[in-house]
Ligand SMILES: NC(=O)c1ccc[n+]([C@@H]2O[C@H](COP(=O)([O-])OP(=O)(O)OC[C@H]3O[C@@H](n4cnc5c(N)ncnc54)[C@H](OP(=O)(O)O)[C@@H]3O)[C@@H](O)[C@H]2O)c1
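Below, in C-alpha cells: the form predicted alone, a single chain.
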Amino acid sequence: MQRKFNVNAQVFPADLSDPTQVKRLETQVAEIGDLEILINNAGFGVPGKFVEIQAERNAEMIQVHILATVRLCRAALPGMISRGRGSIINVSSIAAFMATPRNATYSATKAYLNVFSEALQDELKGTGIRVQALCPGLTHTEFHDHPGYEDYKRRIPEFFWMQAEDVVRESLDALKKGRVICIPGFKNRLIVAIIRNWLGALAAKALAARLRQ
C-alpha cells in the first residue's frame, strides 16, 4: 500500500457491534494527526419480518449503522476542525428513502444516516469539512453473499446493478462538489424519484413482494 500509493496504511481491527471495541477505535481515530477522510462503511442486513428477527440482531444493526458511526464521527471531527480540512462519508443506501417490509430496521438506520449527515454538514459550514451520505443501490460486493440475500443476484437483472468502483467514483466526485446526499447511478436516482411518489411507492412494494416469492 505504501509503495503503490505513497500512503501510510494502519489497520485497527474492531467488531463495531461491540461498544467496548468501538470505544477503543474512537481513541485510535482521535489520535490520527493527519486524518483526511473518514468512511463509515461497515454494515449488514438481516432480511425478514421484524418480529421474527432476534432482538439482539436488530440491536447490533443499530449499534453498527448508527451508534458506531456517530461515535467515530465525533472522534474524528475535533482534529479535522483544528486543521481546517477533512471529509466524512457515511455509507447509507437507497433503502433510506423507502419503508421496506422485511427490512424495517435496515431502512430506518439508513434514513438516520441521511438526516444525521445533512444536519452535521449544516453545523460544519465554514470549517472546511465536507460530509456526505452515500446512498448506493444494488452493488456487486460481498454484502449480497450473506444469508438471506443469496437469490438477489439471480432474481434481479444485471441492469439494476452497479460496480463498486463506479459507486466510489461518483461518491468522490459528489464530495468535491459539496453534495451531501449522493445517489450514484442514474437508475438509482430514478428509482428514488419514483419511490418518493406514493404511486411509485406502491409499485415498489409490489415488486419487492414479487421478488420474495
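If you're wondering where the values come from, they're calculated on a predicted model, not measured in any experiment. Quick note: we count residues from 1 along the sequence shown, nothing fancier.
What follows is about the form predicted together with the ligand, which we do not show.
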(request) Just give me the single entry in Leu172, Ala42, Ile62, Val180 that has a non-hydrogen atom within 4.5 angstroms of the ligand in the predicted bound form. (result) Ala42
(request) Answer for Pro136 alone: is it within 4.5 Å of the ligand in the predicted bound form, judged on heavy atom distances? (result) yes
(request) Tell me, yes or no, whether Phe143 is in contact with the ligand in the predicted bound form, where a contact means a heavy atom of each within 4.5 Å. (result) yes
(message) in the predicted bound form, is there a heavy atom of the ligand that lies within 4.5 Å of any heavy atom of Ala14, even though the partner is absent here?
(response) yes
(message) At 4.5 Å between heavy atoms, is Leu72 in contact with the ligand in the predicted bound form?
(response) no
(message) Do any residues of 89-112 have a non-hydrogen atom within 4.5 angstroms of the ligand in the predicted bound form? If so, which ones, in sequence order?
(response) Val91, Ser92, Ser93, Tyr106, Lys110
